[in-house]
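One chain comes next, on its own, written as structure tokens: the form predicted alone.
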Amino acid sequence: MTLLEFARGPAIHASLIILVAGSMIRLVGVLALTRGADLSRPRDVFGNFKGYRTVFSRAWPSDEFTIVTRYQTAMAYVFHIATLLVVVAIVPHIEFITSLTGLSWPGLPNWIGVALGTIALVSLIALIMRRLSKPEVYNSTVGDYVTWIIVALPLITGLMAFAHVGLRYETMLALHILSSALLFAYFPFSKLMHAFWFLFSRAQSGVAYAHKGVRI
């Protein structure tokens, strides 16, 4: 079995199993946590509805924090949107998703995919540099930097494979798939789970604030 065959076969499939099973176990574990009795009512009849609304209303910082946080907020949005489009809108990735699910849709031209991958990588580096320049603000840990490296590797190897830079194409493609497998397997056990957690944390905070009459 060649490195590419291993990456396309056992490695990527095992990582997807870990991704799905690990994410489900963690989500079920959180949802199964018991909640204390609700000893107070919302200040108005729509209190809980307003609380759940914070999942979307807090997608951008409040006016008081906009100026201070606009750089990292803008870069974070650029990174997340570009990365999502790279994952679901590039033809090779769509073909892989189709092989797993049978679902298919039109893909973006190659040059747009390369541009999005570059934008995602540059914005990620910009976020990391921001944290490095202000350690007293972000208090980043070793685990944070490990996570960013694991996230960056598929972008780097994917761009290198497409541009035929570095090792021969088959080897670079194998490294791209293996780095993606590493990301999938790492996902459920890292802060990357915020892709799911933010829904619950924002809603819970919103409901709690609604009970206290906070304007949300």
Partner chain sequence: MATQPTLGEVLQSQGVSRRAFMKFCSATASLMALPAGMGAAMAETLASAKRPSVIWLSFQECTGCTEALTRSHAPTIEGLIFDFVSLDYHHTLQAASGDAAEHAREQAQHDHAGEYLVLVDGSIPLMEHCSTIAGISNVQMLKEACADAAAVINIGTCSAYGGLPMAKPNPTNAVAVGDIITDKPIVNIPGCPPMPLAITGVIAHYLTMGGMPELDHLGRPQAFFGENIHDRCYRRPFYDRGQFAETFDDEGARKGWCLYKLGCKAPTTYNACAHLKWNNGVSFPIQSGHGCLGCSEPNFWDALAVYDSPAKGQFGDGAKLGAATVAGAALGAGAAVLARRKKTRIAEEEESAS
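Just so we're on the same page, rigid core means the largest C-alpha set that superposes within 1.5 Å between forms. Computed from a predicted model, the values in this text were never measured in an experiment. Residue numbers count along the first chain shown, from 1.
Omitted here: the form predicted in complex with its partner chain. The next part is about that form.
Student: Applying a 4.5 Å heavy atom distance criterion, does residue 189 contact its partner chain in the predicted complex?
Tutor: Residue 189 lies outside the contact set for its partner chain.
Student: Counting only non-hydrogen atoms and a 4.5 angstroms cut-off, does residue 164 reach its partner chain in the predicted complex?
Tutor: Because a heavy atom of residue 164 falls inside 4.5 Å of its partner chain in the predicted complex, the answer is yes.
Student: Would you check, heavy atoms only and a 4.5 Å threshold, whether residue 91 touches its partner chain in the predicted complex?
Tutor: Yes - in the predicted complex, heavy atoms of residue 91 and its partner chain come within 4.5 Å of each other.
Student: Taking heavy atoms and a 4.5 Å cut-off, does residue 195 contact its partner chain in the predicted complex?
Tutor: Contact check for residue 195: no, nothing within 4.5 Å of its partner chain in the predicted complex.
Student: May I ask whether 77, 124 and 129 each come within 4.5 Å of its partner chain in the predicted complex, counting any non-hydrogen atom?
Tutor: Not a single residue of the candidate spot has a heavy atom within 4.5 Å of its partner chain in the predicted complex.
Student: Tell me which of 81-89, 102-110, 115-123, 132-140 has residues with heavy atoms within 4.5 angstroms of its partner chain in the predicted complex?
Tutor: Looking at the partner contacts, the answer comes out as 102-110.
Student: Can you list, in sequence order, the residues from 167-198 that come within 4.5 Å of its partner chain in the predicted complex, counting heavy atoms only?
Tutor: Read in sequence order, the residues that approach its partner chain (within 4.5 Å, in the predicted complex) are 168, 169, 170, 173.
Student: So that I can tell if residue 164 moves, could you say whether its C-alpha shifts by at least 2 Å between this form and the one not shown after the core superposition?
Tutor: Yes, because once the rigid core is superposed, the C-alpha of residue 164 moves 2 Å or more between this form and the one not shown.
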